[in-house]
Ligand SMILES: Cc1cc2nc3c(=O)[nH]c(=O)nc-3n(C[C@H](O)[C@H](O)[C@H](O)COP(=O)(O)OP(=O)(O)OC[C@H]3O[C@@H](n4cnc5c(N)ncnc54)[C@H](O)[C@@H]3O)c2cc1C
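A single chain comes next, written as structure tokens; it is the form predicted alone.
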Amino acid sequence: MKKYDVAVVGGCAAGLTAAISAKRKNPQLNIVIIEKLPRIGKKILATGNGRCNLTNINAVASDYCNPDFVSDVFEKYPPQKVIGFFESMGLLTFADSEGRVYPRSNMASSVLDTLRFELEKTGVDVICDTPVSQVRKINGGFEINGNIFCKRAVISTGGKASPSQGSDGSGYLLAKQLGHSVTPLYPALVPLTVRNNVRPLKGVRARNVSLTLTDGKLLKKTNGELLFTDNGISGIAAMELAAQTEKSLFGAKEKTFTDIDFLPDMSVEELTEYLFKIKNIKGNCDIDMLFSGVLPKAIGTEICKAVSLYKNERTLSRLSREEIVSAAQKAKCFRLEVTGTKGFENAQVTSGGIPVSEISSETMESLLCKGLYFAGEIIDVDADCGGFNLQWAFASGLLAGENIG
């Protein structure tokens, strides 16, 4: 049986960071990372559209669920500390206008290579192609898969989102073996499916829209880019509604809707006045030119269809005031009935996980099992797009490693 001081189960953002942090704190520690995939860090390569949005300089605890828990972690490892951690390994970064931080190379592989080199430099062992199916508390430490013993263990396997990248939910089973519970799990940051026929809009993007999710009451509101798919909607604005959508649909008695405001910077009155100007300027044009100056043509066409403007091949000049007002109102509130999401297979993040009440926010150590630590997505902490979830992964990994070390 191989023996280590520390075993990290799960070789992605949080786990790699925890191992490095612990080794830096105490170079004498004998540490191993155990990863089920052929290589560590696969999910890092997919983040930020292949650019790795590794943190957000504006990230604060209130951006996350369970903000009080997150606040304690960010007090020690705010975004600037995470950026400093990477700079200490030679990785330079930059922040865009939204506060999203990327490597200067604009390549996620630079982030992973930086972490891999530091693991090699500090002497952390890495074992790949090794799924962990069992962890037992034994002899003051932990027995893993019956052939590895460690004094302390870190579970950083991620959640259930994107199982092809290693996060298949197996970490929750390990946590349960050691006495922990798991909150309900939902796919987050994933496209939505709708009952309406949106195929005519497939591939069409609308920028800077506002989405409101309701099921008889307001559930959540988002802003950003919207992308229509063959059976639903994607893009940041839609994906940030996913977790709340799943929670609403679970055992729901009321239907769930998302109302799209295609032009949130204009009031209904301002849009109505604008459409009257278009009527006067382009009076001899077809109806589908009504929104041509402010929205993609395909979206304008669907709005006009929704309020029945297409009658007898009319031109814009034949539209009544009531019809123009109705079109403006529909552009400000284009309702879709939401039926679900594209599931964990297509999700970026898991909502839910190990309850924060079972973990110390000061150390990331389990309150139920001494010597066991958690880091990253496996914990019931998640946030919207923009580098917030990787900030959590790195911050929690750094804190866990520091306390192990």
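Residues carry their position along the shown sequence, with the first being 1. None of the values given here were measured: they were computed from a predicted structure.
Below, we turn to the form predicted together with the ligand, even though it does not appear here.
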One residue of 367, 65, 46, 60 in contact with the ligand, assessed in the predicted complex (non-hydrogen atom, 4.5 angstroms): 46
Contact residue in the predicted complex, chosen from 31, 347, 354, 338 - any heavy atom within 4.5 Å of the ligand: 347
4.5 Å heavy atom contact with the ligand in the predicted complex for all of 53, 131 and 157: yes
Residue 9 within 4.5 Å of the ligand in the predicted complex, heavy atoms: yes
Any non-hydrogen atom of residue 166 within 4.5 angstroms of the ligand in the predicted complex: yes
Residue 222: touches the ligand in the predicted complex, heavy atom cutoff 4.5 angstroms: no
Distance check, residue 380 to the ligand in the predicted complex, heavy atom within 4.5 Å: no
Listed range touching the ligand, judged in the predicted complex by heavy atoms within 4.5 Å, from 76-84, 206-214, 149-157, 281-289: 149-157
